[in-house]
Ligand SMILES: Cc1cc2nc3c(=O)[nH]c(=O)nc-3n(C[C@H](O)[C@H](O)[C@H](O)COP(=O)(O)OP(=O)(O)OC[C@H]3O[C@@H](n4cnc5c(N)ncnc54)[C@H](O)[C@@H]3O)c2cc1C
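Shown here is one chain on its own, the form predicted on its own, set out as C-alpha cells.
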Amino acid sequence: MKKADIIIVGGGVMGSSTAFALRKNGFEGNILVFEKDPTYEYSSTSRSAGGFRQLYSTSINIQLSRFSLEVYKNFTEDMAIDGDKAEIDFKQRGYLFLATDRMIAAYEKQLKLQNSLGVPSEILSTSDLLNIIPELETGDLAGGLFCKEDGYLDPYSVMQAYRKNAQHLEVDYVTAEVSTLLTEGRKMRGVQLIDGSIYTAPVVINCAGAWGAALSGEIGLPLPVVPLKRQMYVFDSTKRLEKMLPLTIDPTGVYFRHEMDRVVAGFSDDVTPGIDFNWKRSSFDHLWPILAHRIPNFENLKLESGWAGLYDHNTVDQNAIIGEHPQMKGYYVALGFSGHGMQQAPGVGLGLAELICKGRYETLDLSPLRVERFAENDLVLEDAIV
C-alpha cells in the first residue's frame, strides 16, 4: 500500500491541466496521476476535433472559453520548457454557426450575452458569409453567428504540453488502470488498481472522461454521464476552396474545417451509449449530401480516412460537472464535458486547483457546474451544443 497526497485518475488534458495547476498554485505534496494508456491512442483528448469557440449561450461556458483563449494564445511561449516551445497549431480562423430564418433570433440573443462578456462575436449577412467562404450555398440561409478570435488547435499537443510541464514540476505519472475508488465512510481513501495494488490519498480527482462515471457509480455516487461515440471524416475535394475554412456548423449539425489541405467533417449523430471505437466509412453517406449542398466543391471528393472518439456526455444538461462531491469528502470530479473539454481544460484545471488549495474559486466561479445542481434542479441549460 502506497501513499500520496492527491491522486488524479486520468492523465488526459483535464487531469494533466489540473496536476499542472495544483503545482502552480503552490501545492507541494505528492501528486500521482494514473493513466492506463501512455500512448493516448484512445484518449478522448487525442481524438478530439480540436475546435475552440466562445459562441455559447450561458455565462459560465463563455467565461471558461474566454479564459482559455488567453491561455491558448500565449501557450507556445508560456508552456515552453528549457527553450522547447509548446507548439499547438492554434489557427484563429474563426468559428461560424450558419443560420436559417428561424435560427437568427436565438443567435441574436446569444450575441448580446457574448458581447457583454467581451466576446467580439457578430451576426453576419449572407453577403458577409460569402466573404468568408466564397463557395458557400446561401440560398436557404439568413446569415450566421461568427467569432473571428476562435478556431481550432491540436488537442494532442495541448495535452502533452500540460503533461510535460506537470512532470517538470515533479508530478508523478503512473501507467496503470484504476479499477475501483476506495472510500471509508464519507471520506475518500484512495484507489485500487487492476492488479490489486492500493494507493491511498485523502483527495482523489476523477478526470477519467468517458470511463469516469462508471468509477463513480461503483461507489454509490452515480453521475448522469455516458460514453458516446463521435466519428470524424477526412476528405479531399477535387476543386479546392479559395480560402481556408473557419470551423463551420451547418444548420443540420454537420460541421467541417480545414486540416492542412484536407477537410475534416463530423456530425453528432444518435448512437447507443458505450465504449466503441469502430469507425464506419459507410456512415459518411449521411454527411456527403449535406456537405455537397452547402459547398458545391464537395460534390466531388475522396474520403481518405477518419476516426472515432468518445464524448463523456452529460445526459441531463450536456455541461461539465466540476467540484467536490457533496456526499464524499475529498472526492472531486471533472466529467461530463460533452465535447467541450479541450476548450475548457485551462480554466477547469485552475479552478479545481484553487478549490483544493484555497477552499474556494478565485479566478473563475465554477459553482454553476457543481455536482449538486442536479438535485437542486438548477441546471445549466446550454443552447449551443455541437
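Position 1 is the first residue in the sequence shown; the rest follow in order. What you see is a predicted model; the values in this text were computed from it and never measured.
Beyond what is shown, the protein has a form predicted together with this ligand; the following relates to that form.
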- this ligand contact at H325 in the predicted complex, heavy atom, 4.5 Å: no
- Message: Although the partner isn't part of this model, could you tell me whether G309 comes within 4.5 Å of this ligand in the predicted complex, counting any heavy atom of the residue?
- Response: yes
- Does V9 reach this ligand in the predicted complex, with heavy atoms at most 4.5 Å apart? yes
- Considering only heavy atoms, tell me if Y332 and this ligand come within 4.5 Å of each other in the predicted complex. no
- The one option of M103, M232, V203, I88 with any heavy atom within 4.5 Å of this ligand in the predicted complex is M232
- Message: If the cut-off is 4.5 angstroms on heavy atoms, which of these, P246, G190, G144, G209, is the one near this ligand in the predicted complex?
- Response: G209
- Task: Could you tell me if all three of N61, F67 and F75 have a heavy atom no more than 4.5 Å from this ligand in the predicted complex?
- Result: no
- Query: Going by heavy atoms within 4.5 Å, which of 134-142, 278-286, 171-179, 121-129 lines up against this ligand in the predicted complex?
  - Reply: 171-179
- Can you name the residues of 30-48 that have a heavy atom within 4.5 Å of this ligand in the predicted complex? F34, E35, K36, D37, Y40, S43, S44, T45, R47, S48
